[in-house]
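Below you will find one chain, with nothing else, as structure tokens; this is the form predicted on its own, and questions on how it binds or moves follow later.
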Amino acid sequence: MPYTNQEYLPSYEELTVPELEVTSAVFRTAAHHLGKYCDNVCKEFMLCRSEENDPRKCLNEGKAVTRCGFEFFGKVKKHCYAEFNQYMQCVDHSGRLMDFKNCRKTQATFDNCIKEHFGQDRPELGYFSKVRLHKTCRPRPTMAPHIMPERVPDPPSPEELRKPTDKLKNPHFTAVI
């Protein structure tokens, strides 16, 4: 679908944000705490995307998610760098699947550091799969009115079907020539 001059297209500067340049081991190690730390910001972004159906209207919410990630990793670096690094090294070297089962001691040390400095517990198993309500300050978008199709006429009643019509003298047989 081509854009017209009346449609708003964001500038390159609006679209450009710094990226979190970290490896998959870093994300996998931080995933549970990062997800919980940025939970409301992420839900706000996803709610915007699902309600608006236009990614241009959710640029600020998307930037807030990236900002939250930077904030989280900055706090981890400041307060829990050694604990995180030990845990991440263990996860990174635990095989190609980066399994957590061999890293429970370093995980507990990192979890305790997060609890102490962030006041946040590790989310329980299944936390992100649960339905969690989100309260937003954004105004609800106005939906376009749904245009209903014309009403389908009722089928004829059995009495109307039994009545002979002027067109048909014999209702059982009609010849078309």
Partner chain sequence: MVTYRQDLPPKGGFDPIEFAARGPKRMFNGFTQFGIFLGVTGLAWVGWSYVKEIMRKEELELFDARNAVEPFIYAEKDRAILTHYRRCRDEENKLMKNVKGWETGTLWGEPVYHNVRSRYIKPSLEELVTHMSPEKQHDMIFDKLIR
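Whichever C-alpha set is largest while still superposing within 1.5 Å between the two forms counts as the rigid core. Fair warning: this is a prediction, and the values are worked out from it, not measured in the lab. Residue numbers count along the first chain shown, from 1.
What follows is about the form predicted together with its partner chain, which we do not show.
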* State yes or no: in the predicted complex, is some non-hydrogen atom of Thr109 no more than 4.5 angstroms from a non-hydrogen atom of its partner chain? => no
Check whether Asp121 has any heavy atom within 4.5 Å of a heavy atom of its partner chain in the predicted complex, and answer yes or no. no
**OP:** Please run the contact check for Arg138 against its partner chain in the predicted complex: heavy atoms, 4.5 angstroms, yes or no?
**Re:** no
Check Leu97 for me: does it contact its partner chain in the predicted complex (non-hydrogen atoms, 4.5 angstroms)?
yes
In sequence order, the residues of 57 to 81 that place a heavy atom within 4.5 Å of its partner chain in the predicted complex are Leu59, Gly62, Lys63, Val65, Thr66, Gly69
Notebook entry, point to check: After a core superposition, would you say Cys48 shifts its C-alpha by at least 2 Å between this form and the one not shown?
Noted result: yes
- So, does Gly119 move by 2 Å or more at the CA between this form and the one not shown, with the core held fixed? no
Exercise for the section: For Arg28, state whether the C-alpha moves by 2 Å or more between this form and the one not shown after rigid core superposition. Expected result: no
